[in-house]
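We begin with a single chain expressed as structure tokens, specifically the form predicted on its own.
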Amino acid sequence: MRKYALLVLVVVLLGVFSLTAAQDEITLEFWGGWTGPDGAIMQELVDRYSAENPNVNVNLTIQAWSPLFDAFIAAASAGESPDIMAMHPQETAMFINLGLIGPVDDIVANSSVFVEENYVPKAWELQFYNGQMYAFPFDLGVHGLFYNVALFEEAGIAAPPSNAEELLEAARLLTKDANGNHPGDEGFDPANIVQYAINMHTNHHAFYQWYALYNQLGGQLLSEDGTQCAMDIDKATRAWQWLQDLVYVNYAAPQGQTDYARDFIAGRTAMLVDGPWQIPALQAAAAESGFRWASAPYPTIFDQPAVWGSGHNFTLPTNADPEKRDEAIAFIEWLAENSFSWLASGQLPIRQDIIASPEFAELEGRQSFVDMLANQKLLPNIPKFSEIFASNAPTPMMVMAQRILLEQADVRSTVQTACDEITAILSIP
């Protein structure tokens, strides 16, 4: 009888311990838009953290950024916000204005990880809006130029282009039809091109390229008070015309291209304008097929260096479960402390110690991008960001880009229409 009673007691105690352990386990909902090779790297980091912290299960949800933000707004409306929401610095005002993310000044003030002097100044400054800090910095990124080393050697090009003249000459030599003719050669057939010089985006990265060129001309997008479009139509037209001519006049870039990285790796295009997040795919191609690539700074086509850029940060939704706030902060700090591992995704570091480390210097292809950070230009951080810039809707910037690059629309009138639409959106309270 005693043995039976003892057995019952053990079973009861085990049940109590199991229940307590189950109650102590916390699941953090973590949302981000890393749909490329970088998503797998983030999942690896999440798995490492969960393994090191068995009572914390981090559930990573990934989808493209614009739909992710729509889902975030819908979830917040239903009272089901994630515990951690990743985004970009230029998008925070939109969610601050909706009351969906809150300031983190007090958290940072008590953190031994997020210390201002440990970070690149630009990365730190971008986390502020109206004098308050709303996000934890994680990385920065900019466009750069990848090039196919073998195709450059075959064309007799000694170095990647750094300005307009060099790019156009490289474009002529790297573009060829099925008979091996180049643009300008007698018999060149623009309807039968087998190798293009460079890619041409048709998604949101199209207006990112335009934004870089427009800033190279010293252009301003919005008025100082953010209430209307302030585009210099001449400069905006000149920047777009350069991109449109690469497709329709110089035959250097394909019309309607969709898979930029695949075409570059396959040799269909000899150069690729994109961000460092493409590096893992290029390294994989090099390991698999011997593909030879290198990176270079984004060319200065016009008056002054400028390149589109962005970054990733982490925010704390206002209506997430407050009981999990401490665990969410601990996870974000762990990501910051282990951010060297994130560099495998191709993204750029913002911690001073990592940038200065010999380990970072050994990473392939990154330095060209780091060199451009000083010329980084982000889209404006405004409450109506999504209404003007979202890539999953017919926003003024998406419509402008696609009409100019896909339909060969008149550039000046298309730019003017977009500017008028932006002003109309900003004028609505």
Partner chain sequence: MSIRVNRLIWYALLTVIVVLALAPIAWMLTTALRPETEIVTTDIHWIPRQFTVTHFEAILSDYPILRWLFNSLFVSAAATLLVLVLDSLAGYAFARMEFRGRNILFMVILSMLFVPMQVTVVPLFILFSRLQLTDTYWALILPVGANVTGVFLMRQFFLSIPSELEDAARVDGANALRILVSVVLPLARPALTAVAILTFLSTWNSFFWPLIATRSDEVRTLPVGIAQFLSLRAGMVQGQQSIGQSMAGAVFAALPPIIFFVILQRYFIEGISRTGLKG
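Positions refer to the first chain, counted from 1. What we label the rigid core is the largest C-alpha set whose atoms superpose within 1.5 Å from one form to the other. Note that the coordinates shown come from a computational prediction; the quantities given were computed from them, not determined experimentally.
In what follows, reference is made to the form predicted together with its partner chain, a form of this protein that is not presented.
Q: Based on heavy atom distances of 4.5 Å or less, which listed stretch (111 to 119, 354 to 362, 173 to 181, 70 to 78) is in contact with its partner chain in the model of the complex?
A: Result of the contact check: 70 to 78.
Q: With heavy atoms only and a cut-off of 4.5 Å, decide whether Asn215 touches its partner chain in the model of the complex.
A: Looking in the model of the complex, residue contacts with its partner chain do not include Asn215, since no heavy atom lies within 4.5 Å.
Q: Is Lys235 close to its partner chain in the model of the complex, meaning a heavy atom pair under 4.5 Å apart or at it?
A: No, Lys235 stays farther than 4.5 Å from its partner chain in the model of the complex.
Q: Does its partner chain get within 4.5 angstroms of any non-hydrogen atom of Ala294 in the model of the complex?
A: Contact check for Ala294: no, nothing within 4.5 Å of its partner chain in the model of the complex.
Q: Can you tell me whether Asn375 touches its partner chain? I mean in the model of the complex, with a 4.5 angstroms heavy atom cut-off.
A: Answer no; every heavy atom of Asn375 is more than 4.5 Å from its partner chain in the model of the complex.
Q: Report yes if all three of Tyr260, Ala281 and Gln347 come within 4.5 Å of its partner chain in the model of the complex by some heavy atom, otherwise no.
A: Yes: Tyr260, Ala281 and Gln347 each sit within 4.5 Å of its partner chain in the model of the complex.
Q: Though its partner chain is not shown, can you say which of Trp277, Tyr147, Trp242, Phe138 has a heavy atom within 4.5 Å of it in the model of the complex?
A: Looking at Trp277, Tyr147, Trp242, Phe138 one by one, just Trp277 meets the 4.5 Å heavy-atom criterion.
Q: Identify which of Ser368, Ser50, Ser391, Asn381 has a heavy atom within 4.5 Å of its partner chain in the model of the complex; exactly one of them does.
A: Only one listed residue qualifies here, and that residue is Ser391.
Q: Could you run down 36 to 63 and flag each residue that has a heavy atom within 4.5 Å of its partner chain in the model of the complex?
A: Contacting residues: Gly36, Pro37, Asp38, Asn59, Thr61, Ile62, Gln63.
Q: Rigid core fitted, is the C-alpha displacement of His204 between the shown form and the other one 2 Å or more?
A: Comparing forms between the shown form and the other one, the His204 CA shifts below 2 Å.
Q: Establish whether a shift of 2 Å or more occurs at the C-alpha of Asp263 between the shown form and the other one, with the two forms superposed on the rigid core.
A: False for Asp263: its C-alpha shift is below 2 Å.
Q: Is there a C-alpha shift of 2 Å or more at Asp232 between the shown form and the other one once the rigid core is superposed?
A: False for Asp232: its C-alpha shift is below 2 Å.
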